[in-house]
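Single chain ahead, written as structure tokens, the form predicted alone.
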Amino acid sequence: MLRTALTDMFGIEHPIVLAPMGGVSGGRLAAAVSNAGGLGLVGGGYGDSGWLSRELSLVKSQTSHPWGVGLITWSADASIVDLALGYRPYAVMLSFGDPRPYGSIVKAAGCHLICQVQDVAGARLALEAGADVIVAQGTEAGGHGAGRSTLALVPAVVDAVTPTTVLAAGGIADGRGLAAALMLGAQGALIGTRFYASKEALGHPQAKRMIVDARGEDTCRTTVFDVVRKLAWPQPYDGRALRNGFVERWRGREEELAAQVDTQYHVYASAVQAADHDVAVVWAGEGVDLINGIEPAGDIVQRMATEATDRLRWGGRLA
């Protein structure tokens, strides 16, 4: 058992947190991670209240262990924050934007506040918001993020915010990555893409298989999928996804895509409905090389914790 400040804070067995991936980290997956001894977070996405209510009801009914919910800060509003808090999560995670306005609401509800950041300045802003946990997210991560690399960012954030608990995110897909995160001073890891390729994840089976078959060089950072979906993501955020025909066609031609967006929006929406992932996005991080199958989330948690323990024991013999 790996005991850290994170496991003590939530009374969990393993310092493993499910990334709240929008449209992927539903209630069933979050419950599976929590039931296996990690901390499952439901992905609130862009604030669809009906979807969020359904998935939060599901996680509440399927686990008695700590769980939480993640929200996109710039896209959320007070009603969505209140809705999430109404289900009494153990934690709310705010990502991508100034966490202070909603952070105060979370803290006033007696809920743990997790803030995901992409640089040291963001970590200091998270401290002002009253963050109990700060996630230092490197550019290797799947989905939205920014430009700093995990290996350099994590210890910089740890140094800047000590003694606040820090988690590492970005490119971590097995126990070796978790062990490395702990050695960098983090108290655990936030993990997304590895859990996307799990049986409980909400992603389409074809998307999961694409993740298993992919390699790190098959991913790229891009704004193409935000442009076509008419999502006004602020600077400096873009997203890491698997390369497909759509991104290869439009990457570097984002202004032209924006000019045609009314037409291309319908093309994209039809592809999503048809599960045509040569057009529709599959968010995935550089750690895809380490993913070899679609497995139950509980098995992933247990193996990752065992691998990390073994790696740390091996490392101790080097001194």
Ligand SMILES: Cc1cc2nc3c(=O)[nH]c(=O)nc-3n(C[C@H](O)[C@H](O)[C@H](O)COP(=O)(O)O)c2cc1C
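Note that residue numbering begins at 1 and tracks the sequence as displayed. Here the structure is a predicted model, which is why all the values come from computation and not from measurement.
As for the form predicted together with the named molecule, it is not shown, yet the points below apply to it.
Within 4.5 Å of the named molecule in the predicted complex, counting heavy atoms only, one of 163-171, 214-222, 104-112, 76-84 shows up; tell me which. Only one stretch passes the 4.5 Å heavy-atom test: 163-171.
I'd like to check something about Phe246: if you look in the predicted complex, is any of its heavy atoms closer than or equal to 4.5 Å to a heavy atom of the named molecule? So Phe246 does not count as contacting the named molecule.
Quick check on Tyr268: any heavy atom within 4.5 Å of the named molecule in the predicted complex? Although the named molecule is absent here, Tyr268 would stay clear of it in the predicted complex, with no heavy atoms inside 4.5 Å.
Taking heavy atoms only, is Met21 within 4.5 angstroms of the named molecule in the predicted complex? Yes.
Exercise: Val133 in contact with the named molecule in the predicted complex, heavy atom 4.5 Å: Val133: no, not in contact with the named molecule in the predicted complex.
State the residue from Ala186, Ala126, Val157, Ile191 whose non-hydrogen atoms include one within 4.5 Å of the named molecule in the predicted complex. Going through each option in turn, the one that passes is Ile191.
By the heavy atom within 4.5 Å rule, which residue out of Gly143, Gly177, Gly122, Pro89 makes contact with the named molecule in the predicted complex? None of the others qualify; the residue that does is Gly143.
Residues of stretch 82-119 in contact with the named molecule in the predicted complex (4.5 Å, non-hydrogen atom): If the 4.5 Å heavy-atom criterion is applied to the named molecule in the predicted complex, 82-119 yields Met93, Ser95, Phe96, Gln116.
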